[in-house]
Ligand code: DGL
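This document opens with one chain alone, in structure tokens, the form predicted alone.
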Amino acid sequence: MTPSDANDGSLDVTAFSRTIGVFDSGVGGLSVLHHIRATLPDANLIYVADSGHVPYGDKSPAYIEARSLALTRFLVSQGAEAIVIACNTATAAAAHALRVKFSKMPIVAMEPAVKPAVAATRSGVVGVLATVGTLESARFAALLEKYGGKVKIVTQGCPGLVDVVERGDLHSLDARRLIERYTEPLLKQNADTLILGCTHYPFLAPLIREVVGEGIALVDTGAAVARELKRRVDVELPAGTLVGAVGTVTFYTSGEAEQASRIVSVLWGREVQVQQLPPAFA
């Protein structure tokens, strides 16, 4: 395995570092990976963008579960000792199945940030931007039942936003028009807090901010997921680490590797090479 983002060569950290596997329907989970890298700088990270099957939002739960199982098997085959499902839709469709199948390893999943959004709102109205799959899931319905009684929660499915991020069109006119279309009904209902309910959406946060203004709070869960991952691995995967060690980051895609390398390099903030997922898992 050739890492695309390695340590500086001054320390041999292979024997000391934990290996964390992360997957998403595409490149959106990189927003979570940034937080994981900051929280666990010594960990070796393996990221899979399932861009050959993106978006998950219009796929059946059974399809998403099958893809999630295949990607997790690949990550485990590469030495992953813990898994992060960096995708809200895959969390809703497959988190339970993965935890049953891989019961001996930490599996950390996404959850729309309903609780912190409810705490943050001043108007008493929280808007949710998410994929249709997330909004229709039983997991999201349970969150609304748990916290929705305290405030009004209004939801908006966002077809096309994932595709915008997958193309790297973070500042395009097409992206702006979609954001205007999806945020307008939420703002008309007096929402002053917007949950970014898909890991792709934080990459559009600057454009969303331009559209909705400074008075609207934007909430995502990447940092909370990274903190939960650290808590789990510190308890369940105790390992000696070298102080100051920097782990490796390796990227794979089930889509087209050259295109993925271009997009991931932009979103990761440095040039990387994305490898092709082996056919057995693609």
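Predicted model only: the values in this text are computed from it and were never measured. Throughout, we count residues from 1 along the sequence that is shown.
Although it is not shown, the form predicted together with D-glutamic acid (DGL) is what the next lines describe.
The candidate stretches are 222-230, 248-256, 209-217, 56-64, and the one lying within 4.5 Å of D-glutamic acid (DGL) in the predicted bound form by heavy atoms is 56-64. Contact with D-glutamic acid (DGL) in the predicted bound form, judged by any heavy atom within 4.5 Å, is made by just one of A93, L75, V162, V128: V162. Taking the partner from elsewhere, L71 is found to have every heavy atom lying beyond 4.5 Å of D-glutamic acid (DGL) in the predicted bound form. Contact annotation for T193: none of its heavy atoms lies within 4.5 Å of D-glutamic acid (DGL) in the predicted bound form.
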